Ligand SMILES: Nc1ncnc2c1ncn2[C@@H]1O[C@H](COP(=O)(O)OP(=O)(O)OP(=O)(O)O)[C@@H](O)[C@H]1O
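Quick setup: one chain, the form predicted on its own, written in structure tokens, and binding and motion questions come after.
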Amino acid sequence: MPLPDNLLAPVASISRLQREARNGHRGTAILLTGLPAAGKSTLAQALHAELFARGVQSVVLDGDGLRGGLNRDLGFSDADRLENIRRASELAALLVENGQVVILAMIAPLLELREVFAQRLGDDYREVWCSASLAVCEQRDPKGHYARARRGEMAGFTGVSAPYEPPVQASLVLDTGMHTVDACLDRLLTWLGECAVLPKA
């Protein structure tokens, strides 16, 4: 992405290839997308723990965590949702360039929002759809948000008063409503190995 005329791109003293050689794996970004309470954050943390055990350099960027820190000045208007994703994609790109496996646990409800990740990260981007049904997610409702949204206390809540557009060409689909976290994690790890993202266990 070109910089404004008054800025100069920094020259890294250590290249991405050097970092990946030291790490023994490539940098990549994996978006776990799905409805609220689909299990994105739970699966992200499980993957993070397994990668840590394998010596893989990884980091979790959780939607709620970003909203509470880096993006705490943003609301939920269309423009703010887009800026939320833009900032997350830029942060992910920086971490990938530094050889990290970036695990993004974010709703990213619209196709156009997820396209921001695809455009910014290119071949380093992989999209995983946590496809738990709305009924399952409402039954879980760990934060009570669905109940509040049904009572009209939360406007623009994805799945109730705002749409979720399922991925058209997800890299991987995990039925997190039907399968356990461990089963989804096993499938995810196998797939990452097949993609040559991870070194052989």
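Numbers for residues come from their place in the sequence shown, where the first is 1. Only a predicted model underlies this, so the values are computations on that prediction, with no experimental measurement involved.
The form predicted together with this ligand is left out here; the points below concern that form.
Residues placing heavy atoms within 4.5 Å of this ligand in the predicted complex fall in a single listed stretch, namely 37-45, out of 51-59, 37-45, 159-167, 66-74.
Proximity of His179 to this ligand in the predicted complex: non-hydrogen atoms within 4.5 Å are present.
Looking at Arg148, you'd find every heavy atom of it more than 4.5 angstroms from this ligand in the predicted complex. A residue is said to contact a partner when one of its heavy atoms sits within 4.5 Å of a partner heavy atom; Arg26 fails this definition for this ligand in the predicted complex, lying far away. Looking at Gly152, you'd find every heavy atom of it more than 4.5 angstroms from this ligand in the predicted complex. This chain is displayed alone, yet in the predicted complex one of Leu113, Ile107, Ala92, Val101 has a heavy atom within 4.5 Å of this ligand; that residue is Ile107. Looking at 136-158, the residues that come within 4.5 Å of this ligand in the predicted complex, counting any heavy atom, are Arg140, Pro142, Lys143.
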